[in-house]
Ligand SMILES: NC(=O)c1ccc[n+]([C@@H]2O[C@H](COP(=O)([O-])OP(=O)(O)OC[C@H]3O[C@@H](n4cnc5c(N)ncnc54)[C@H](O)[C@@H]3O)[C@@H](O)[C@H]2O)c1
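Take a look at this one chain, the form predicted on its own, written out in structure tokens.
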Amino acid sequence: MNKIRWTVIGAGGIADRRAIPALLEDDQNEIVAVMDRVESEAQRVAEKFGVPAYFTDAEEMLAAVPCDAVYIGTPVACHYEQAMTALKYGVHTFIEKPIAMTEAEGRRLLEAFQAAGKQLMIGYMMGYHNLHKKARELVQTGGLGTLNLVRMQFSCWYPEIAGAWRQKKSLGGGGCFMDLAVHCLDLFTTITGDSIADCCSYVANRTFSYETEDSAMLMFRSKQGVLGTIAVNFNIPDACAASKLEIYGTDGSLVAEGTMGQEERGSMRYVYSPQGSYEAQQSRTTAEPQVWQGGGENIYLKQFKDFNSLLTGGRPNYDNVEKSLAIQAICDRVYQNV
């Protein structure tokens, strides 16, 4: 495979802002057609990026334009049908997170792609952030000792917006948990190599009146016994939230701020300070941390390069999809209790 010929289903939104620019940053890719159900949007994106063809129907596009891979950046409710349409035309498929509306729907997708021998990948790009990779290295090499506590806080300001699909249960499946907490769950597993064993959750509409939740919290215990919390919100102003990831162990800790997002930004502080005896006086001093900064590279480009390497390697790998299904199972559990 020389150039990888891509088509895009859902040309606006994240595809326009992040995915298409990242794909075109790599000479290995070319975009041969884009589709959006709003014709003016499909035409605008095609003209903006010099794409030779645009459509308003996904199957019409795939039938008319030969391609190797399709990128799907549509509302969650569309993922299953559109991915199955791509598979019908023998096309490798990359879907923005989350995989589907439910774990069962996502599992059917995986089984279909496995049977066809086609690659499927879900877009959890934050694991490609240089500081999250550094966190994984520190944790996996014992730099924090035995892990005991993980805390994550991730939010954005998302008021009522006409036509916003994340604010409709039928299109997005849920609100801030489905949109933001899934990234936190992915990072927990990516960094620690662990997974969630048990959890309880709370969701609420504290500020806005749309159908889906604007506030959510998950408390969990991992398979290795780590306790943790994930708090996500659509109702905290962007400038007021640190989007913080904290991991604490018996020998050290790391705290990352501003790393959860669409860019390789933020910073991470690491402290290694094993403690032997009990300090009865509790006159605590703070150890001097090591500090690293975000590398400023394109994390979307990094994940597409990873996907391309699977295509050119010739052997599908579904580890990313299995992890996505585990995340979706937790989403199912959270929304069953609502």
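In this text the structure is predicted, and so the values were computed from the model without any measurement. We number the residues from 1 along the sequence you see.
As for the form predicted in complex with this ligand, it is not shown, yet the points below apply to it.
Trainee: Tell me, out of 187, 256, 76, 218, which residue has a non-hydrogen atom within 4.5 angstroms of this ligand in the predicted complex.
Mentor: Exactly one residue meets the criterion: 76.
Trainee: Examine residue 264 and determine whether its closest non-hydrogen atom to this ligand in the predicted complex is within 4.5 angstroms.
Mentor: Looking in the predicted complex, residue contacts with this ligand do not include residue 264, since no heavy atom lies within 4.5 Å.
Trainee: Do residue 34 and this ligand come within 4.5 Å of each other in the predicted complex, heavy atoms counted?
Mentor: No, residue 34 stays farther than 4.5 Å from this ligand in the predicted complex.
Trainee: Can you tell me whether residue 300 touches this ligand? I mean in the predicted complex, with a 4.5 angstroms heavy atom cut-off.
Mentor: Yes - in the predicted complex, heavy atoms of residue 300 and this ligand come within 4.5 Å of each other.
Trainee: Although the partner isn't part of this model, could you tell me whether residue 41 comes within 4.5 Å of this ligand in the predicted complex, counting any heavy atom of the residue?
Mentor: Residue 41: yes, in contact with this ligand in the predicted complex.
Trainee: With the distance limit set at 4.5 angstroms and only heavy atoms considered, check whether 13, 123 and 183 all reach this ligand in the predicted complex.
Mentor: Yes.
Trainee: Hey, of 107-115, 140-148, 123-131, 235-243, which bit sits against this ligand in the predicted complex at 4.5 Å between non-hydrogen atoms?
Mentor: Selected stretch: 123-131.
Trainee: Taking this ligand in the predicted complex, which residues of 85-101 have any heavy atom within 4.5 Å of it?
Mentor: Sequence-ordered list: 96, 97, 98.
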